[in-house]
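Before any questions on binding or motion, here is one chain by itself as structure tokens, the form predicted alone.
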Amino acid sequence: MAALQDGPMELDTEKEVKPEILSDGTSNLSGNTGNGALSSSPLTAAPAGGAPKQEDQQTLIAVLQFLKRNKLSESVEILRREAGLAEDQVDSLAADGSGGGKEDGGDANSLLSRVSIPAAAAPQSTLTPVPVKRSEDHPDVRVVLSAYNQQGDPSLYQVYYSDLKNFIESVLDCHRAELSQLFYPLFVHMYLELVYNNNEAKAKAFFEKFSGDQECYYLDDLRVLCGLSKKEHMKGNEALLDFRTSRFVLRISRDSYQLLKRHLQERHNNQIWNIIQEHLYIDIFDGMPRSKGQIDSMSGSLGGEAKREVNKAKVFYGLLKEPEIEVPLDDEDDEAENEEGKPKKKKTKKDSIGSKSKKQDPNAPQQNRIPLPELKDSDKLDKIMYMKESTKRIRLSPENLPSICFYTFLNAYQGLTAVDFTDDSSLLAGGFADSTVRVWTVTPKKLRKVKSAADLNLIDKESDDVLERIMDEKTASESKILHGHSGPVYGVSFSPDRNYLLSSSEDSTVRLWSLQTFTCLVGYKGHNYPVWDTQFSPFGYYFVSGGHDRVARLWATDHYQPLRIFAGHLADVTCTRFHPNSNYVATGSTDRTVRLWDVLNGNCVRIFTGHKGPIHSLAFSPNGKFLASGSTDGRVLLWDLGHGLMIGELKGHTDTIYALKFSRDGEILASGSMDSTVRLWDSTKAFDDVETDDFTAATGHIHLPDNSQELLLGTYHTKSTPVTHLHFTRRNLLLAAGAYNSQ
């Protein structure tokens, strides 16, 4: 559990402790306890003129023996003088473990409080067990909160924090920005320690004095924290347990870290140092400190930044090889039947996409990396239709923007909460707060149910139009209502073949509906709380769901239980998206992070931080290389999946972004927001303008150009309709949907 990561070096508890000689000639012993962190219980200074406590004597003996064994006589002499010991007392202390002398509370006590001897090197008699007061907390909570017991003098907390604050504000600008990252996690942990140890008045004073110094994007967290004013409030609080069990990650340059360490040693600020060791993870890098802008662009999540090694895993973001399907030419291009009346020979052409992808993309996963469903005949026909449509697709560009067709839900008193279109744009589904799902046809073709079993027996199954005959014309209508959920419906998703519809609800279930019979086929139960979102895989069969229980689940339509559980978010999983190659799932959360998960093994392969509010929309680029995310902070962030870096920031919206969609060719990114606007962005320029070299990928030093206005191609206002969903048709017409808000 080493609290600091310093390059490739790892602390080894079995190795001999080496002294680090500081510039002033004294020795700083970087002691290593069994858990790899410095001593978490600071030793209390003995009163001036009094004898050291028994624990202090034992530690002093061990230190002096160590220094003498390594022939560091100068350090022995300095420590002896500062501890107020005569020369003959050093040997007697080592011999019988007793000794006195003056102690002025100077550097010796500071040194001792930061030293702890490895278990392998220390004699058994020197290990004094510290009795831990038993708590009446719930077992899980007790373990998590136990570190808050007896962590120092509560009256000095304001002094400790103020001293660090004054120091950070006095250092050079290049270091100030990096060290300022310490303010928020230290403030939270010191406040919680005061509350846990029943120092309510001091906790309140501490909060009032320093809460205003925190970054604006932590305001929501501070409101929650303010409500934790008594020890009883901390028991079972999920937000608190998340913060305590996950170390807050800070990325700091080596120079800035050395400044901080030296200051804490000189000021004997053991309280701050202990919190850093126990509750923070400092990711140290070599090189120039990051600027305030670079730090702000990556800050804001509940758990700090992502560790650099997390985003170094290999991601196969390339697309799978398209199946080669022969596409018949249009009838007008075919030759007429010959004079013998033989059937005409149709010329065939191969899909251009399929022919291009004969070579395996080096960034694509193996075709069989995860089992995918085989193409049915109906799927092949749909592919052929898709290829024909793509030949008529409008090529979009900054000079050739798409037309936008907006579907407005009027009088939606049921409360529209989710929308989805089928890939061929023929059907529209809406989820409502009254627990219903409604399906509309947006073409002249009406929705019909399959006939009853008795009527189906009367049909000639060999007829050419059997698919039409099985449909009951009496049930034809422009919309259908699906009943089954017992709570608001928060997510809907059509299957690629348009035969099924998924819906997720507050009732903690995901339901699979048949669009042939308009009935519920399966109710998937696995989440324990509301399910905020669900989405089908691009290949069908698999689907993903995310909810209030802070996990996303991968399912298959023919399994009652989830195939994978993606756990790691610190708060609700609010949105989910499949990668175009179906090998990865992206999730957005109210912990203000985006995570990318490997479907094959369930591992988290990317963590993206930078949003300042809960994330409500995600979209992959058609080539699978990039990801866009939208949040309550009104910003769209662009991510390079291969390098694991943020490469763009699109600012302009003034409210939560609930919809993101790339055009079919990836040239345009559309965003829809609660500010009742649709905005179009030049995604090609945004991706081309950023150069991600190896150094940038290694250090995380991102220089984001502030070019939102250059990338904004158009803003389209509705009268008073927040945008809930966006969809590009196969010909690149943009469809938008939302419920009219009369207020």
Partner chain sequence: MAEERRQKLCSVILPTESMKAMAESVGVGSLQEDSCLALSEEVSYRIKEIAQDALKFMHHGKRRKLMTGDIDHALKLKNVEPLYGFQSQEFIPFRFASGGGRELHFYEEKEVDLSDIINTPLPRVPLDVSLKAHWLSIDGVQPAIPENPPPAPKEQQKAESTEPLKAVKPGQEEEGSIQSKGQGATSAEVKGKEKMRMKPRSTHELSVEQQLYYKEITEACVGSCEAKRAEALQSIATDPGLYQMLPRFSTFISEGVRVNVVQNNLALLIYLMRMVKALMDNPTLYLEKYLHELIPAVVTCIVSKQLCLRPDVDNHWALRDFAARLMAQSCKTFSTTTNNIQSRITKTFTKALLDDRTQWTTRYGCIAGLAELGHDVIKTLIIPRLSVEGARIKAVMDGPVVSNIDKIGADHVQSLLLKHCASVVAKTRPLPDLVDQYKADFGYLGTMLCSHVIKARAQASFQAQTVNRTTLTITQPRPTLSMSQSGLSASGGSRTPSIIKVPSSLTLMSTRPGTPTQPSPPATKYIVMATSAGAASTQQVITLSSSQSGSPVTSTVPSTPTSLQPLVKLESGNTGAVGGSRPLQKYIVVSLPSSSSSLESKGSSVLPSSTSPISMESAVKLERSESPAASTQSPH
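Residue numbers count along the first chain shown, from 1. What you are looking at is a predicted structure, and each value in this text was computed from that prediction instead of being measured.
From this point on, the text means the form predicted in complex with its partner chain, which you will not see here.
Using a 4.5 Å heavy atom cutoff, Phe207, Gln214 and Ala412 all lie near its partner chain in the predicted bound form. The stretch from 509 to 517, 376 to 384, 404 to 412, 620 to 628 that comes within 4.5 Å of its partner chain in the predicted bound form, counting heavy atoms only, is 404 to 412. Contact with its partner chain in the predicted bound form, defined as a heavy atom within 4.5 Å, holds for exactly one of His548, Arg308, Arg564, Lys388, namely His548. Only one of Gly523, Gly293, Gly287, Gly227 comes within 4.5 Å of its partner chain in the predicted bound form through a heavy atom, and that residue is Gly227. In the predicted bound form, none of the heavy atoms of Ser253 sits within 4.5 Å of a heavy atom of its partner chain. Its partner chain in the predicted bound form comes within 4.5 Å of a heavy atom belonging to Val442. Under a 4.5 angstroms non-hydrogen atom cutoff, its partner chain in the predicted bound form has Glu399 among its neighbouring residues.
Put simply, Leu219 is close to its partner chain in the predicted bound form: some heavy atom of it is within 4.5 Å.
Looking at 481 to 518, the residues that come within 4.5 Å of its partner chain in the predicted bound form, counting any heavy atom, are Pro488, Tyr490, Glu506.
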